[in-house]
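Have a look below at one chain only, the form predicted alone, in structure tokens format.
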Amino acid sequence: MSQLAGPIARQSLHDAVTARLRDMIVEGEYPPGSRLPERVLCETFGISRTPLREALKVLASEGLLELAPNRGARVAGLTADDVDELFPVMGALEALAGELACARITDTELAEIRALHYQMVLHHKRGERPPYFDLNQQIHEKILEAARNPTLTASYTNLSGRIRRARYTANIDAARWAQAVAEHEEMLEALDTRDGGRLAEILKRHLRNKCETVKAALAAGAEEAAKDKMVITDDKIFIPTP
């Protein structure tokens, strides 16, 4: 188990369990297709099955899990079609959040985002992917908060789990990672000048680029999986039927 495992404090138990389990799925501790061992998770978190099952329902509503009667919960897969469906919607939501944030953000909120950005850049330079990803996510959420639109926040939250997993998966290629950091530099500049139109376009482009990166990662993973199924005998390659 990773550092995400361990007893959970009783305060805000439902939210804590949901957040902890979401992070474990997003960060790959339970990969797509794997079943979640309810008994083990209850023992690990020090909780009963009731809050765990409540958390499973929430994560299923976010598209991270598939629930089957009498079969428990399984981590949902992520396909290229899913990515093509999700990212344009999230791009539109983030673009709107950027426009509204530029009109409503306070100097204090901007200073907080700037501080998060500089910490994120430091982690990028050190090649520290997990803390980089966490700060990246915080920046996007701070922009959403600055938009001050509960309806927009609810729509964003409904998709955020699957998008987080896709974003986490995608930051593999060094060139794309550097490009993403450069895009965040542009976001900060647009926020600083309160240029809502520019920030909206940057966020749309940022999500389009991420979409292509995720699809490339999925394709590479499928290719590796296909190779693993091949059996080489002398000069012939046999691919077992499913």
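Position 1 is the first residue in the sequence shown; the rest follow in order. Since we're looking at a predicted model, the values are computed, not measured.
Just so it is clear, the following notes concern the form predicted together with the DNA, a form of the same protein that is not shown.
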205-213, 58-66, 41-49, 187-195: which one contacts the DNA in the model of the complex at 4.5 Å, heavy atom to heavy atom?
41-49
In the model of the complex, does every one of 12, 54 and 70 come within 4.5 Å of the DNA, counting any heavy atom?
yes
Spell out, yes or no, whether the shortest heavy atom distance between residue 28 and the DNA in the model of the complex is within 4.5 Å.
no
In the model of the complex, residue 37 touching the DNA (heavy atom, 4.5 Å):
yes
